[in-house]
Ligand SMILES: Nc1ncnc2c1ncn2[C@@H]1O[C@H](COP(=O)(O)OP(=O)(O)OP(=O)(O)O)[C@@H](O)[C@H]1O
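Below sits a lone chain in structure tokens, taken as the form predicted alone.
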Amino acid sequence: MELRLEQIAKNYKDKKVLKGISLTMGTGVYGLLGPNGSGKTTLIRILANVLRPASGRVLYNNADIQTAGDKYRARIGYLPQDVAFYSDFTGRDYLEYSAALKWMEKRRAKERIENLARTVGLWNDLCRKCAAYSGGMQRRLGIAQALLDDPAILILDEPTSGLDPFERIKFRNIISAYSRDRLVLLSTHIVSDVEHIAAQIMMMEQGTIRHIHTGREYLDMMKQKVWLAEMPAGALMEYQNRAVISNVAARGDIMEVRVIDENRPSPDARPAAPTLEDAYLYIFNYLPQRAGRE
């Protein structure tokens, strides 16, 4: 299986939202990380074939998805960032309606709805109106919808928005199990969503994918760039205006500060084991700050 992007560009009026993105994806989980406004949702909508690029093309197994049309859409499960529900639909109504749109056979649709409702923890709430669901329940319903037809490609835009920590962990477990012989693209600004399940992680900024690496490669990139420094609480306020800090822990009157820096930030600073979140801050906060100083 191969999904290939060739020089994908998109403009909104005079703003270049995507700037000639090219990449190739195969089986496995791909994480798409980036700050809000980086172009992630626009790219996701193009891959889901609900938005046309201004230029470039997307190929699924060497066939242009614009030409393939419904044949391609039948192969994908898509969870948009914002899911709209008919106010009088129950959870079961919504999933049955989604199954009908996917041309699923009724018996198979019923089995999938029941299995997925249990998987996402909505079995006891299928008869409730979607409008009465909490934000997290609506998100879980959207995830079940995306998985309904057992798609070869699963495209998820901010899938864990509104989920509590336990639900996030359960979601990651579902995606890990599902991705064994499929392609999953998970777009998010929450680093922990992809840190442990994505084979490849893409960092996107200002319409361009800056980096594509494995989690281990990002950690290797951060060696000798993460430090623990100690300082009085009174010094922290001024220090954080000129440093990239990923965490602060109080140790009595002394603050232990986790700092992202290519150089030892103070003589007594000691190196710390890096995380993917450190790499995210390095790419999107530290490097732009350094460029602004140069």
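Quick note: we count residues from 1 along the sequence shown, nothing fancier. Computed from a predicted model, the values in this text were never measured in an experiment.
As for the form predicted in complex with the named molecule, it is not shown, yet the points below apply to it.
- Partner proximity in the predicted bound form, defined as non-hydrogen atoms within 4.5 angstroms of the named molecule, places exactly one of 22-30, 248-256, 40-48, 60-68 at the interface: 40-48.
- Of the heavy atoms in V17, some are within 4.5 Å of the named molecule in the predicted bound form.
- Not displayed here, the named molecule is approached by N36 to within 4.5 Å at the level of heavy atoms in the predicted bound form.
- Although the partner is absent here, E158 lies within 4.5 Å of the named molecule in the predicted bound form, judged by heavy atoms.
- Shown alone here, R172 lies farther than 4.5 Å from the named molecule in the predicted bound form, counting heavy atoms only.
- In terms of contact with the named molecule in the predicted bound form, the residue from H189, R75, R139, R112 that brings a heavy atom within 4.5 Å is H189.
- Scanning Q224, Q81, S176, T208 against the named molecule in the predicted bound form with a 4.5 Å heavy atom cut-off leaves one residue, Q81.
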